[in-house]
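Single chain ahead, by itself, as structure tokens, in the form predicted on its own.
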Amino acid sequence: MIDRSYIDPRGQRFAAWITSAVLAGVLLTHSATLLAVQAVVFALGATGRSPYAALWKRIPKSPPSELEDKRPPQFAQGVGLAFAVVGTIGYATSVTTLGTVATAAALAAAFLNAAFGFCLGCEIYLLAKRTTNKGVTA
């Protein structure tokens, strides 16, 4: 039986590349619609149903050498969703600076994951977990 609580980290980097391209397109076009579509993708990813992950699963590849807990990346998708919603509101209401700053922040985080395998949202999740578990004995 496959343990669905763990995922292939290569899929996360693949998704981060696509996300980076979409967010770069948003910065070039200031498109509230494109950013709203990415927000939907983030929302799906936060619930474990990312269309980018579905695409990754269709690509022939060798089995992963390691797996990772799905909870930190799902949290990161939720953070991306928050930035995408703020950015969409900014662009849709002609507060372009708000849209640009929110989109650029999401792009920076996505690019860190894509290029370097550093998931900023995942690290925030793990830090929050450590902070909330302080003083708790196992």
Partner chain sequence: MSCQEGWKGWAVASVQGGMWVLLGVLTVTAVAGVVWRTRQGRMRLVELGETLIPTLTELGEAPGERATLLQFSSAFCAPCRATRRILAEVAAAVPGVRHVELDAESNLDVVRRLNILKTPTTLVLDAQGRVTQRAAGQPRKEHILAALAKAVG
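None of these values were measured; they are calculated from a predicted model. Rigid core: the largest C-alpha set superposing within 1.5 Å between the two forms. Positions refer to the first chain, counted from 1.
Below: the form predicted together with its partner chain, not depicted.
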*So which stretch, 48-56, 63-71, 32-40, 81-89, is the one near its partner chain in the predicted complex (non-hydrogen atoms, 4.5 Å)?*
63-71
*With heavy atoms only and a cut-off of 4.5 Å, decide whether Leu98 touches its partner chain in the predicted complex.*
no
*State yes or no: in the predicted complex, is some non-hydrogen atom of Cys122 no more than 4.5 angstroms from a non-hydrogen atom of its partner chain?*
yes
*Give a yes/no on whether Leu44 approaches its partner chain to within 4.5 Å in the predicted complex, heavy atoms considered.*
no
*Could you tell me if Arg10 has a non-hydrogen atom within 4.5 Å of its partner chain in the predicted complex?*
no
*Though the partner is not shown here, which residues of 77-116 have a heavy atom within 4.5 Å of its partner chain in the predicted complex?*
Thr100, Ala104, Leu107, Ala108, Phe111, Leu112, Ala115, Phe116
_So that I can tell if Tyr125 moves, could you say whether its C-alpha shifts by at least 2 Å between the shown form and the other one after the core superposition?_
yes
